[in-house]
Structures are given as structure tokens and as C-alpha cells.
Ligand code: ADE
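Single chain ahead, by itself, as C-alpha cells, in the form predicted on its own.
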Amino acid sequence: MNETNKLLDKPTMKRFPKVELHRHLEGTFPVEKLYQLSLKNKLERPRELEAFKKEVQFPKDSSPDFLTFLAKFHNDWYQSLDDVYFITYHSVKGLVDDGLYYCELRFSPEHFALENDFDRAEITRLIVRAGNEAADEVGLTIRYLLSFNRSKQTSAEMIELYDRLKRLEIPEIVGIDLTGDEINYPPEKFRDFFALIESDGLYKSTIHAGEVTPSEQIWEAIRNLHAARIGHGTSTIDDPPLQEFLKQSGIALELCITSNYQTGSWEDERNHPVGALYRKGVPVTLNSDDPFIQNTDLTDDYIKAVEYFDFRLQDLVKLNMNAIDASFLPGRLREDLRKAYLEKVEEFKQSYGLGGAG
């Protein structure tokens, strides 16, 4: 079996070590564990597992539909703090089954707290504790980003919550994420919030931009929201000066093939811009986004990269080195991660007969 065929084999690709920068905890839940929560909390969802899956996940292989995709997110799952711990613990524990070696997992304290008005600081501490305990058990290195939803909070409300959460001084929290509706809540509405983050110097920022909007939003996110990374950013493909700027500045794009298809932001998967941008030298990374909602996993996107864009093993390794370079770890830890990751790659190559260093 040649290299390409081995990489197209899902059990093999699952074992390829991966670094992921763009994954939402709220879209990562193991569906069987969520089903248990639904039964325990007597939620108005199907009582039979297969019917439950059909209701809560995007229909497999269906046409893109942004509203259907959004309708799969709920925040009534959690009736207690134990529920939040339970679903976080099992979500993180399962990441290694997808080959993850390092993950920057983002979550919205507001999402988990809203239904029952849980204390946002307590929720934040709890999620990090549950995630850390699971990661330690399975040998995963994990850090966290705090997500702020632009369509659910004003800049002033974000600042108020951020001021509370930063006082927790949790070292594993390394970044801030701006998510939500790009079209009706453009980046310029949040300049004050991200000016504060930049001034504090505690965290780096990643901004969802250019997913369903033109590349001007990406420029705005970089120039005025101080973005160190861009969530999605598919419209970069239409802007050669931006491509050059990203190359020179080392600002990476967090690209998500399956997610972009299902939401309708990029409906032609076989011509997704990750392939062309990678070959132009733009720092791109490959991510799953919301695999539970999507009824998929990160491994599926890696297989698509091999099938659609003729990526070889060395290209997949380069994607992950891009992700390490763009991670929000401090310099020394980033270098340690780079070295440890390459050792994992060599183990993978030896296990699957894929040759020496490449």
C-alpha cells in the first residue's frame, strides 16, 4: 500500500498526531454522553439513541444549510455544575481518539451559564479543571480560549465579563476568541474590547472573520482588533495582498473544510481554499470547528485534504508545524511542543511504514 492509500485509510489517519487550534467545546460533545445527559435531565428530546442523534446532529452528507447548522446548538443540556463537568471531561478525554496531541479548546462561559444563570467565573474554573483532569489521564496537552459571541454580547458586556475572568489568573487560558454573526456584528463594533486585551497583554486574540464576509473584515480584525490568528478567513483567497501580509506577519488562518461546507460559507469542498493557500505559502492550519454538530471528526478533514488537494505526509506535518508556530503558548513551551510533536510523527511513520524524516 502506497503512502496516499495509507493516509486515506481512516484508522491509520486517526493515529496521525494532530495539533488543533479551532475547536469549540460546545461542538465537541460525545453524542452518547450528551444522550445520557438528556435522559437524566428529562429534556424534550428523543428517548431512543438513533433518533436523538438525528435530531441533534447535522444530517450526514446533506446540502449546506446555515440555519439548520445553527439550530443544532442548545444551552439547556446542563441542569447542574456536575453536568458541565461531566460533558467537558468526556469531551476532552475523547480528543485523543481523533489523534490530537495538542489542542487549544475554546469555550463560551456565557453559553454554559445562561440557562441556569450559573456564575461565569465558577463555570470557567470548572471547565478548565475538568478538561485538565481528562487531558492528564490521556496524555493530551491542552490550553483554552475564552469565546465571546458578538451577536449575544455588546463590547461593554464583554469587557465586564472579561474583567471578572482575567482575575481568575488561570494559566491554561491563553487566548480570547470573537465568534458569532460576522455580517450584522462586524469587527469595528468591538474595538474597545480588543484594545483592552491588547493593552493588558495577558492573552492573544483570534477573530472569526472572512468566513461569510469579504476579506476587508480580516484586515479590520488584524489592524484594529489585533488578531494574532483568524478563524476561518476563507475570503483570503480573493485578496493577494492579504495573502502576502499573512505570510510576512505569520498570522495563521484556522481553516475548517467540513464546517465551511455545512454552513454554506464554502460549498465546493474539493476547491476549498486551504489547498491553494497552502501552496502559496500562506500559514494555514486544519481544524474541525464543531465535529459533534457536524457528525464528523478532524480525521475526516485530513482525509479530505489528502483526497482533494493531493497532500502528502510532509504537507500534513507542515500544517501542524504551522499550527504550533501559531499557537498561543509562550516561546519556550512552543519549542518544547515542536520537538515533542516531531518525535510523535516519527513514531507514527515507523508504526505505519511511512519511511524516515520528511
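The structure presented is a predicted model; accordingly, all values stated were derived computationally and were not measured. Just count from 1 along the sequence shown to find any residue number.
The same protein also exists as the form predicted in complex with ligand ADE; that form is not shown, yet it is the one meant from here on.
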Checked T285, T124, S215, T263 for heavy atoms within 4.5 Å of ligand ADE in the predicted complex; positive is T263
The one residue among T258, T179, T236, S91 placing a heavy atom within 4.5 Å of ligand ADE in the predicted complex is T179
Counting only non-hydrogen atoms and a 4.5 angstroms cut-off, does D98 reach ligand ADE in the predicted complex? no
Ligand ADE contact in the predicted complex: D290, any heavy atom under 4.5 Å: yes
query = Using 4.5 Å between non-hydrogen atoms, is F309 touching ligand ADE in the predicted complex?
reply = no
**Prompt:** Would H208 sit within 4.5 Å of ligand ADE in the predicted complex, counting heavy atoms only?
**Reply:** yes
Assert contact_stretch over 328-336, 40-48, 310-318, 66-74 against ligand ADE in the predicted complex, heavy atom within 4.5 Å, equals 66-74
